[in-house]
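Form predicted on its own, single chain, as structure tokens, below.
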Amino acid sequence: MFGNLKYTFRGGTHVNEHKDTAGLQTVRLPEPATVSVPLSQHIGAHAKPVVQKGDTVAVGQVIGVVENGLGCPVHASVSGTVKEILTRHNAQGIPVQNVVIENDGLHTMSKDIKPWGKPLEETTTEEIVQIVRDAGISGLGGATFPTYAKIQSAVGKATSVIINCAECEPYITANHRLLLERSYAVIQGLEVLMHALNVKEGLLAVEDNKPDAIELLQKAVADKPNIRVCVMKTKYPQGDERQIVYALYHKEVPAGKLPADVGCMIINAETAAAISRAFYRGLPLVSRIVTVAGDCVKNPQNVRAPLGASYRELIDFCGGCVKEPKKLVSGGPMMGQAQWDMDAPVTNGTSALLVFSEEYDRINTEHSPCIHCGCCVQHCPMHLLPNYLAQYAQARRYDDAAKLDVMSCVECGTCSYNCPAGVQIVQYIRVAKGALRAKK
């Protein structure tokens, strides 16, 4: 259907996809009685609360601001009364202030929400940056880097804008459903970014395991000569921005540099849709699509949930657990993080909630010593030597690991996935990277 040419990169691996929710319509979570909205859902400084206990808030009202440095404002995802402001640990174990809002069920919208008043053609780059910043948009693919800063850093450098629709992690289909249900918003967001950066080329990069989305997007951009759909070979970690740049342009992003340094700006599909909503409707980021799946979940599906809703509420909405859960993962099974709190809140970076049983989580390969088979080296998308990096980490020879460029590891887990000895290579590498950061 799409021809023989499919963009790809060197290394990587094909993992079991488990895209069981791809054919299911996204459903909206009934608004919970309370939400706990973290005041840090992005890379950068934590926001400070601008509301206090007892205040009445509306949907989209600013409840936290970052006064200095990199960061995004945070908005109320429901209307109601501020019940309390408390500190709880986030997915990384870092203490973060949360604004707990008691929902009044009225869904009263903030009076500050209104569409941008000028046509896109008359809007300046600075104005678009401010719109995106005010909307509190950060990378919804999981990285959560403030999008306004990403736009600023690409001005004068980028010659193309790429919408990352790869969604290469197993189980996750949130972007796939977004492309099928609201492709117009993704394309609008792309056009806003192209105008902001004054570039003439926009790309929609989609893996070939989404033929329905590819066909729909190709029809949608048929009359847009500056935008094209690029079909990529399904391979993990195709969604990594460095691999996308190489696949599409055969350019390598140098260590320590960003895609903008080689002429590319890359934005996740749901981030692009959020930019469209902010520009054309004035809506800040107050909800996102979350794939709820795993062998424990009774009715896996994609759920649009308000930020601050608890993991437990999403899982219960999907029928609860039919098996005893062993592990709860926020994000995909390859790069996601195991969680310890079922009542933790959904944030900008929560692309999926996966619940696995003891049977599924059992390690299939007994751990044995590394035999230097080179399998991890063959599959590493960053062309590193994961076997040596892991051994240096085990021996606490972190400076030697640094000489082998350990900081360039993207922690995709491809090495561990393919290791016949069952060595958890990426975990050792994370230890080495953490030690080197602490040393600095």
Partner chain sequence: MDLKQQTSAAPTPALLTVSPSPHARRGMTTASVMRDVLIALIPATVWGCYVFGWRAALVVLISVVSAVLFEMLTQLILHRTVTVADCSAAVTGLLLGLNLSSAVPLYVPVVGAAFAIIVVKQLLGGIGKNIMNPALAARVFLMLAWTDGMTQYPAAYDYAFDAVASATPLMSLKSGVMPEGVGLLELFFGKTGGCIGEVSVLMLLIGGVYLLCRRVIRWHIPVAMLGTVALLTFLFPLPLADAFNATLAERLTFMTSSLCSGGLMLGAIFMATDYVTSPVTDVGRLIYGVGCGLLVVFIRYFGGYNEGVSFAILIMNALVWYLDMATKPRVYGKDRRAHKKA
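Positions refer to the first chain, counted from 1. As the structure is a computational prediction, the values presented were derived from the model and not from experiment.
In what follows, reference is made to the form predicted together with the partner chain, a form of this protein that is not presented.
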Exercise. Ile131, Ile227, Met334, Val231: which sits within 4.5 Å of the partner chain in the predicted complex by any heavy atom?
Worked result: Met334
For this session: Scan Lys200, Lys83, Lys327, His89 and let me know which has any heavy atom within 4.5 Å of the partner chain in the predicted complex.
Result: Lys327
Exercise. Should Ala22 be counted as a contact of the partner chain in the predicted complex, where contact means heavy atoms within 4.5 Å?
Worked result: no
Exercise. Taking 4.5 angstroms as the cut-off for heavy atoms, does Val322 touch the partner chain in the predicted complex?
Worked result: yes
Exercise. Should Cys375 be classed as touching the partner chain in the predicted complex when contacts are defined as heavy atoms within 4.5 Å?
Worked result: yes
For this session: Give a yes or no for Ala185: in the predicted complex, does one of its heavy atoms lie within 4.5 Å of a heavy atom belonging to the partner chain?
Result: no
Exercise. Pick from 33-41, 63-71, 367-375, 47-55: which stretch has non-hydrogen atoms within 4.5 Å of the partner chain in the predicted complex?
Worked result: 367-375
Exercise. Hey, which residues along 387-418 are within 4.5 angstroms of the partner chain in the predicted complex, non-hydrogen atoms only?
Worked result: Asn387, Tyr388, Tyr392, Lys403, Leu404, Asp405, Ser408, Gly413, Ser416, Tyr417, Asn418
